[in-house]
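This document opens with one chain alone, in structure tokens, the form predicted alone.
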Amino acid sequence: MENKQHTPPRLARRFLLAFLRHDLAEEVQGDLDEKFLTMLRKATPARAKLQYWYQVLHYVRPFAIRKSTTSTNHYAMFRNYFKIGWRNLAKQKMYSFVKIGGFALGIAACLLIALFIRDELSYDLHYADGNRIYRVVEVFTEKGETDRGVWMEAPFAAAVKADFPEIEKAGRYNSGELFGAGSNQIRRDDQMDNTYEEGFVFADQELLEILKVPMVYGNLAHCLDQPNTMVITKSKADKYFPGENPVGQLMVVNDYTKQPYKIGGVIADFPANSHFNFQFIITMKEREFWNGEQNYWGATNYPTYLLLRPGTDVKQLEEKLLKVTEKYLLPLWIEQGRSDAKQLAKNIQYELQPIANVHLRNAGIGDPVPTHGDIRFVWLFGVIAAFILVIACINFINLSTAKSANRAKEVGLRKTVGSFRSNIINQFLIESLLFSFLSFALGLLLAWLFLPYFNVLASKSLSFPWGEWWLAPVMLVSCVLIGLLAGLYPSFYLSSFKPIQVLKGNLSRGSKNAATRSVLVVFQFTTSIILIISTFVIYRQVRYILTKDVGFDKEQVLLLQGTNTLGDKLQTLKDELLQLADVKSISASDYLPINGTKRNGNMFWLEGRNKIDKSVGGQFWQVDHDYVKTMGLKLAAGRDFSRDMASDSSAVIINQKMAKELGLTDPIGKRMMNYEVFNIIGVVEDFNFDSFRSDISPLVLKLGISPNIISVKLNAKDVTTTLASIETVWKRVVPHQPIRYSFLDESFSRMYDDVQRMGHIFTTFAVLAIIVACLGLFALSAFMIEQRGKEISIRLVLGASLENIFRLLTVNFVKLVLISIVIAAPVAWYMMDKWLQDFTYKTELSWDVFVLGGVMAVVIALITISYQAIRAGLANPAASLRSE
């Protein structure tokens, strides 16, 4: 007799029955149970169970193991399962379409997102010493607020290499447009026509050695170690010196023929998954951007990279780097007479960021690369892909369990004639795998077809890794796993039917799992509604950014680029363009309120207060007399620059934020200083010259030369004709250089490409999710209506109207969607509130977005169900009742 308190281990029993010959099973199990009870009287329960396991394992011997059926029988059995599965697939075309189509869409979405995530995670993993390369991040904390930036002082790299033996190499670069990096006009010295190029940067020889960039021509150890040398990428070498080794050749930048650059080497193009996108690397050897700049600790312009020696403790080194502040910065600030010098030194720390983290883990760090990724979006897209796949799996589970009644007799008969439950489970799992294989094949095809569109959407150049060895095994394993995952629950559910109940007709027609199906439908629509609401919020934020009054007039402002090569012809060009009827004004300045143009950070004080007051950090822009008018800036006080006032050469116009930071309520006539002293003659209203993600900074405008970009304010109804006239003037004045232009509003819009891209991606996946969910709802509603055919017919005979039938069939589904809205709204609010916190200027999360998202979900659900409901309401009840 079995002990009620202590029974033999169930798992051991199952294992025994799984391998033991059927004719031995009863006898052996009885013997082992008896031994277990005997053992219980002598020893502890744990030891008795252990002994039971030992006895079970002892029977794993050839004579006791159940003979397997022949391979022929296995083959026949699986062929039979496959045949049944295929017949069911062909018999129920609509349900099969929903199952396979939904699965395929989900798989296609997952594949595309997987390619995206794989690409994002692959950034900067290709460097030979990547695990020892770190970027220096300066952390400044004041009053609880923390700023992070990567711009180091010019002597920082050499100083830390000399002071800390843990640092093997230290290299830096300067990509500031202020100093001539970014974009330029370039040509071979034996040619006359300039070509506009981007990707110019100034860098140390040591930076290339840290990165160990592959060389095509030249020697890595010496390619930038001479003054006035330049390294170019292979693609640029092929462009300017096709079929040649260009090392030693000369290139002229911006028509400055007095100082051509000798090509010191050609490197392989940086891969697309690198945060470096340099094309022309100009040496920093013996280069100073102003006198004493290379030994000056008061300006930060250089992202700096370190190669640490093997085994270096990074945390300890970060603490040691604090000595840099004490040794080099503090004495400078004390010498400058800054009253807050010691406190300032305490506020600065240094972090060493692994190069592999630069692309994705850059949130909150100011750096010169505008196109970093975000690890949060990688996770978010991964979750979205998983949800879409789960929605597709839910369709499969819902439809399989809903159609259970139709398979109940089949299961009952199979069990009656001797089938084990395991056979039934195997059969349904094989059917699920069949669906999964077909869905994977279709999903792979869809992903391949949609990849070009997705590349545009994500601003990527992804491709399918057809040649990778791991692709086929990963696809196969994923296919089997998803097939088993989706088929597991229906298989166990369908195989649990009791034959006697089925054959007596006592099985309720699929209604036992109605609650489960309802939960799954709610999950589907909750996910879809979250995506819909998120899409609305993102688009509202984009519209807010693009339509908000930014404080300057960005409409019809043409930006002529590369005008720094014109020299004396610049004024001629301006004069001739002003002759055109549709040109209102022209300004030459590279300092524009959009990304990618010059910036120049300075420290300012009121005159004579530099050793008393804290400095005010602000932008210091060189502009011409026509800048305020051309940009449409509004004067809040004072006046604009005037050509008739010679004293304006030492005058400045500040924005309201600068006046506030300096503590000036009436700034006109006051004097402020950095390394010079200026008269304040005007105050412009604050305008957004940086991203909406940050607050408006203090700004100072001063007369100066900055001729790389000419802004042309138009007043044209026919912009095309005006552009043609401008091109004609350009060709006449600058015949050897092609015109290159853009519009200020387009450039402003491109500042938010990442936000708009995110909106497009959310829209796509929201549409995809709602399609997959609706496919399931459509099939589910069709099945439910089919099951209630007799009830509907009787109601119609008794006088029910189409409206009554429609309400009867849709009300339950609408309730599920309403429950989904209630669940989705707070989740979407939380997500979008977190996202909007990245913006200083943002739209509000208003209730109408949630209402609109909910109404849309209800309408979509009603449209999905309506066809089936109206069809049922218009059906001939006599025909239905006759068939019943």
Partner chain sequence: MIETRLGEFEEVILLLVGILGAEAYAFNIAEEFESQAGRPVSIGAVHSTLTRLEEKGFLTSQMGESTAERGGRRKRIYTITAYGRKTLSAARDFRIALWKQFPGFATGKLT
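Fair warning: this is a prediction, and the values are worked out from it, not measured in the lab. Numbering follows the first chain given and starts at 1. Note that the rigid core is defined as the largest set of C-alphas that superpose within 1.5 Å between two forms.
Absent from the display: the form predicted together with its partner chain. The rest refers to it.
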Find out whether any non-hydrogen atom of residue 847 is located within 4.5 angstroms of its partner chain in the predicted complex, and reply yes or no.
no
Would residue 66 show up as a contact with its partner chain in the predicted complex if we use heavy atoms at 4.5 Å?
no
Partner proximity in the predicted complex: residue 24 to its partner chain, non-hydrogen atom cutoff 4.5 Å
yes
Distance check, residue 825 to its partner chain in the predicted complex, heavy atom within 4.5 Å
no
Name the stretch: of 814-822, 831-839, 36-44, 848-856, exactly one has residues whose heavy atoms fall within 4.5 Å of its partner chain in the predicted complex.
36-44
Rigid core fit then residue 54 CA moved by 2 Å or more between this form and the one not shown:
yes
Rigid core aligned, does the Cα position of residue 821 differ by 2 Å or more between this form and the one not shown?
no
So, superposing on the core, is the move of residue 27 at the CA at least 2 angstroms between this form and the one not shown?
yes
